[in-house]
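First comes one chain, alone, set out as structure tokens in the form predicted alone.
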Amino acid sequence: MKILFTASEVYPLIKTGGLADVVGSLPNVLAEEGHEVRLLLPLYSGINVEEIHLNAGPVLGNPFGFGQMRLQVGHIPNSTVTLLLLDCPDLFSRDGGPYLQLDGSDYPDNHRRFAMLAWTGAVLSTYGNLIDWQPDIVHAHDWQTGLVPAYLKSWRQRVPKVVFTIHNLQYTGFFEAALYSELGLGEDMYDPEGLEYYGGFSMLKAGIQYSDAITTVSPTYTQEIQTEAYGCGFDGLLRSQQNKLTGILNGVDYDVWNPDTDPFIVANYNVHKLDDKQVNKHALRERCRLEPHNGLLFGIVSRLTTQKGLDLVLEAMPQFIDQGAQMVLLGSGDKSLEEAFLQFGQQYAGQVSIYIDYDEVFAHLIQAGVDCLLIPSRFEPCGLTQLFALKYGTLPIVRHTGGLADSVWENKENLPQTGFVFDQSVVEDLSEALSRALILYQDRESWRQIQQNAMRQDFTWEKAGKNYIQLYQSIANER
């Protein structure tokens, strides 16, 4: 099949979260299965163009008056997937990130920027002569590409079929009603059965309404978003669309996240050489200036937001630090949480080490060096850090939600324990899970067995890729 991915970020070129990891891995798996995959992405000023060897592609003009557009064609490093970069300096050559200005606020013209990305995806899907290639399937990702099926609908195009993946329903692509006229879509699509959403319009809603199939990044999250508690106002719509809704758990690129070959850790190890994990633990303690200790070392690698439930850690952790546990945190996000964790680190200097940053290399050492990874999310569409942790024999402590519930098990029938799971987003439940970890850590034989259970789990992209291929084929054959 010919498949066009349309997305706003991709690892390793530009990344703000898990979306980039998915879009950086899944196309490669599909290509290895013999499918022709091309990837459309904005040409942000932050992308290093030297490593992707761009060639000038077709000129797309200035159809909406937002700036001259053309395609640049290249390849992602170490990939056979063709990269189509939407080159429009007026929209994408900015000093900030992909979505936010330097002060942390949204770009005021994000509706224009990602409408043009979606419009380009729809145009390439319809007019294959532009690149001498026409897809059977367009796979669009999150609100930034939600208008792809809306444009195809407005042009009365029945092919190609569109798969729309919701990576996080909380990001709705909501804009004021006055901006709708700039999208080039008919007034007939601005109604409750179309893009209208609480007095404005939502690009995410467009993707839900007009796509041929909708996926989320885990089976449990698919069920959760059909409830009022998790539906962000879309639960009724999603229930009405449940016949085209599927949950496919994300995978992991074990070429990147594998303690047996990882170049970023101090000592490589595997399920048969677990003792060498302790070498990384010692190195991590030294780097983080933690006092020498034989106790349990907790880790956090996360965005610092209320979604991630990390405020619960601040309340629950002190009693366990007093009992001899230690903790390392790497992350950034909400300024209030950053400041709270920095103060926590100062209060427990020598036992707690806080790094307000994101450092991909350091994240690997943390995964290899800590005993437990804390992921107490209030909701989690999929989560990737727990999948990394399992491979590294680092036992995740997770809340039973979304992809965390689908990948980490404790006392689950017919499944081996691979971590610690708690039910409610309350300090008491998290504290009980932390206590269970501390108690079990004293039984070194049982702890090692659970580490081995975790490391033997298989969350490869190949498994997820086969599910996507089945989905593509099923909707491509529909009339």
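What you are looking at is a predicted structure, and each value in this text was computed from that prediction instead of being measured. The first residue of the shown sequence is 1; numbering continues from there.
The next section is about a form of this same protein that is not shown, the form predicted together with adenosine-5'-diphosphate (ADP).
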query: Does adenosine-5'-diphosphate (ADP) get within 4.5 angstroms of any non-hydrogen atom of T120 in the predicted complex?
result: no
- request: Determine whether any heavy atom of E339 comes within 4.5 Å of a heavy atom of adenosine-5'-diphosphate (ADP) in the predicted complex, and answer yes or no.
  value: no
field: Any non-hydrogen atom of S332 within 4.5 angstroms of adenosine-5'-diphosphate (ADP) in the predicted complex
entry: yes
field: Close approach of A363 to adenosine-5'-diphosphate (ADP) in the predicted complex, 4.5 Å, heavy atom
entry: yes
task: Determine which one of 206-214, 352-360, 105-113, 126-134 lies within 4.5 Å of adenosine-5'-diphosphate (ADP) in the predicted complex, judging by heavy atom distances; exactly one does.
output: 352-360
message: Please identify the residue among R399, K161, K277, K308 with any heavy atom within 4.5 Å of adenosine-5'-diphosphate (ADP) in the predicted complex.
response: K308
query: Just one of L86, V301, C288, V313 has a heavy atom within 4.5 Å of adenosine-5'-diphosphate (ADP) in the predicted complex. Which one?
result: V301
In the predicted complex: members of 366-405 within 4.5 Å of adenosine-5'-diphosphate (ADP), any heavy atom: E380, G383, L384, T385, F388
